[in-house]
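Just the one chain here, the form predicted on its own, laid out as structure tokens.
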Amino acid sequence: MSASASGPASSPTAPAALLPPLPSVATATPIIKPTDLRGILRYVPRFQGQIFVLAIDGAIVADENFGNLLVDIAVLRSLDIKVVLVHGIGHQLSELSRQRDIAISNVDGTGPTDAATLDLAIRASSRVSHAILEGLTQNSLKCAITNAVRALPIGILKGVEQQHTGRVDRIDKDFLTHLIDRDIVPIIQPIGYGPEGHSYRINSDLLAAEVGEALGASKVIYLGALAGLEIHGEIKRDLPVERLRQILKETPGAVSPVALSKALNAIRALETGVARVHLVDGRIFDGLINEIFSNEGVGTLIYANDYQQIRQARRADVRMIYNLTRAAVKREELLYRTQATIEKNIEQFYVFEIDENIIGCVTLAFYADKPQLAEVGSLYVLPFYQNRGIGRKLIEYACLRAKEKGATQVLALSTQSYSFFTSVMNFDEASPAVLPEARLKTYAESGRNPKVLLKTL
């Protein structure tokens, strides 16, 4: 496999000069301030060493905020987050079509690609890749334009010959991994290559999903000229993939046409192992950083069901839960509960199962006098299964359930695991005064003096 690589240069041409700028919202007020660095650093341990696939629309490469976006990418690399770039060319292809007065058969690679369109697509792809390469070089990042995508012709669909439109046959994972391991950012064009070397046009949204699957990426992030995933005229900030799949099946017209391709390929990515897909407006200053390193985000998060192994506890689980937590109670990590107490409050318990064996648990309680507040507790994972992210999943799941039931804040009391809650789960230490009156009384009577930790949902 060949690759065109580049290292740091002294004075590269500004990439935005290659293409006419689009109307931009790059002047939007930044959300993250220098004082927010502590909040950003909370996320770093979770993301270090992971692979993010960034799918950048051609319209974003042409936008005046593109230079700022490249700085954001440099920030991700500085935090040891591995980045792969997949770019689109729709905007540039349309521009070339107008400039040369050549009609194109399809813009986004989802329909037939005739010979003239393929020729313009190759030219547009070269321009965009070069603009990205120059911008990354300006930010002292090594990068390589790759030919890691093997493609085959789609053929005939519904009686229509798709000509030079291709489908992904194989992603050269070894080649891309080789680059990533050497701190080289792969740049992947929406052009695939057949066994005989022939070029095929590929939709970049689909390509990003395929790359995410091949590399085991934890995130695919679509950066386009859209504020997020619009459904029934409203931007959704977070959405489980099951709900999105249901919407597309029952009321496909509810999804904004400009986001439909990304929505469909988000589902594809999540079904094949990617944990999170984001839709972010690439024209927003610091938009990528704010989406990744803040609870609120600025776009849409579509997430897979990481919680298939978590279920609400049943009465039949009482003895198992009691035995599970007994060792932690002896070490004063958890508050003592009798089997009768566990059974009485069984509806508060959620358990994590592996092969039908309970290996972890957590509780979620609500307060009548403070309905906006929920409390998580009794978090425990068997030692053999610790350090695998199970505790994090249990807390995340409890927080999701709390939010579904109307809570805006979640608290936790901890004597020994408070660093987990603050550094991993983004809780903040708070005063006991935030506790409801009844809970404050039991807090004082216990004599355990746990730290009070609070998280805003």
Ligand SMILES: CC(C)(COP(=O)(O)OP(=O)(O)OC[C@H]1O[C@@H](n2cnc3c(N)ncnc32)[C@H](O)[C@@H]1OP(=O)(O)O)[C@@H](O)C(=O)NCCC(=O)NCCS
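If you superpose the two forms and keep the largest set of C-alpha atoms that fall within 1.5 Å, you have the rigid core. The first residue of the sequence shown is number 1, and the count goes up from there. As the structure is a prediction and not an experimental result, all values here were calculated from the model.
The same protein also exists as the form predicted together with the named molecule; that form is not shown, yet it is the one meant from here on.
**Q** Work out which of 379, 176, 73, 187 lies within 4.5 Å of the named molecule in the model of the complex, going by heavy atoms.
**A** For this set of options, the contacting one is 379.
**Q** Taking the named molecule in the model of the complex as the reference, which of 333, 343, 172, 230 has a non-hydrogen atom within 4.5 Å?
**A** Spelling it out, the residue with a heavy atom inside the cut-off is 333.
**Q** Is there a heavy atom of residue 43 no more than 4.5 Å from a heavy atom of the named molecule in the model of the complex?
**A** No, residue 43 stays farther than 4.5 Å from the named molecule in the model of the complex.
**Q** Heavy atoms within 4.5 Å of the named molecule in the model of the complex: does residue 389 have any?
**A** Yes - in the model of the complex, heavy atoms of residue 389 and the named molecule come within 4.5 Å of each other.
**Q** Determine whether any heavy atom of residue 419 comes within 4.5 Å of a heavy atom of the named molecule in the model of the complex, and answer yes or no.
**A** Yes, contact at 4.5 Å.
**Q** Should residue 65 be classed as touching the named molecule in the model of the complex when contacts are defined as heavy atoms within 4.5 Å?
**A** No, residue 65 is distant from the partner.
**Q** With the named molecule left out here, work out from 65 to 73, 427 to 435, 48 to 56, 406 to 414 which stretch has heavy atoms within 4.5 Å of it in the model of the complex.
**A** Stretch 406 to 414 is the one.
**Q** Does residue 333 count as moved between the shown form and the other one, where moved means a C-alpha shift of 2 angstroms or more after fitting the rigid core?
**A** Comparing the forms between the shown form and the other one, which are aligned on their rigid core, residue 333 does shift its C-alpha by 2 Å or more.
**Q** Taking the rigid core as the reference frame, tell me whether residue 419 has a CA displacement of 2 angstroms or more between the shown form and the other one.
**A** After core superposition, the displacement of the residue 419 C-alpha between the shown form and the other one reaches the 2 Å mark, so yes.
**Q** Cα of residue 145 displaced 2 Å or more between the shown form and the other one, core superposed?
**A** No: residue 145 shifts by under 2 Å between the shown form and the other one.
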